[in-house]
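Listed next as structure tokens is one chain, alone, in the form predicted on its own.
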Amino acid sequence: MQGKIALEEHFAIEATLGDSQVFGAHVWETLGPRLIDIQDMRLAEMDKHGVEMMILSLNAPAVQAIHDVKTAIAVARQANDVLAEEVRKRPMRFAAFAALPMQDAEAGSAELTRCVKELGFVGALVNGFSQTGSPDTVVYYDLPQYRTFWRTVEALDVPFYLHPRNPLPSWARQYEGHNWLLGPNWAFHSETSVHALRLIGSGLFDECPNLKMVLGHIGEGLPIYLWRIDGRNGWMKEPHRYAAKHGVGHYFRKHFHLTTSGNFSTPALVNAVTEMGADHVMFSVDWPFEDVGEGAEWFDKAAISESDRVRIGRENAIELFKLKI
């Protein structure tokens, strides 16, 4: 399929580049240059495999792992300025997600507003929880101090992409002796799905009914569990006790959009379309950690209808992000 749009595609600046080495140390000679490059090998891969546009975002955990608030603000601003300059070179091929210093809700709101209104960014991508004040102090965005931030996101009418990061070592005893479970093998999905469920259960979407959220990797495992999360032991008639007014599935299907980033599984894709509808699923690769060719060739041949392929591969992203292409 020609004209695909991919939207979990990463880059790095020098200040954040080292954060990604752990996810590919044995191929760092290839992975490092892939992260820094935007206009050369990345564009060539797009042209080769029918990708018309990439929406770019900073690598992980990057800003979210900088516990000094002033430094986090400075690095986020630097990364966003660099990305804006790259997008200006080829605005028909690239768009941008803002990196945000979520260590401070007001700073996050201010940077998102600047990026959307002044730089033309189409949303934000944030790498999970933020460390703030000290390396072992973390904040999740369902906390009350973030309600003003979420109202800003809603008012700006842009999507918020919740991207994975690993749990802190001090919070990850269950992985001791099994480091292979960290990162994209398992910990990314576990961490991010819990964060998404916290946001839902907190009542955020009742207070901000027009928020639009994005999860990668075909929903971080959540689509297959929606029935069980809401059903529990149904015969016991014991409803969830949380601030939200409705079941998890209600909010997930209404507010969340999923991408195929780094999960090139046709059964998982079909399940997501069945649970969410084809209008809530979008194509993505997860470059440079995954390969454009592998992702594109899988998607182009996946056993879905051609109308769904066009919606998932292109039309949904144009509509959600208001892309002018």
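Source: prediction; values computed, not measured. One-based numbering along the sequence shown.
The form predicted together with 2,6-dihydroxybenzoic acid (GRE) is left out here; the points below concern that form.
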{"item": "Proximity of residue 60 to 2,6-dihydroxybenzoic acid (GRE) in the predicted complex, heavy atoms at 4.5 Å", "value": "yes"}
{"item": "Partner contact for residue 184 in the predicted complex: 2,6-dihydroxybenzoic acid (GRE), 4.5 angstroms, heavy atom", "value": "yes"}
{"item": "Residue 188 within 4.5 Å of 2,6-dihydroxybenzoic acid (GRE) in the predicted complex, heavy atoms", "value": "yes"}
{"item": "Proximity of residue 264 to 2,6-dihydroxybenzoic acid (GRE) in the predicted complex, heavy atoms at 4.5 Å", "value": "no"}
{"item": "Partner-facing stretch of 285-293, 265-273, 63-71, 40-48, counted where any non-hydrogen atom is within 4.5 angstroms of 2,6-dihydroxybenzoic acid (GRE) in the predicted complex", "value": "285-293"}
{"item": "Contacts with 2,6-dihydroxybenzoic acid (GRE) in the predicted complex - residues in 68-87 whose heavy atoms fall within 4.5 Å", "value": "none"}
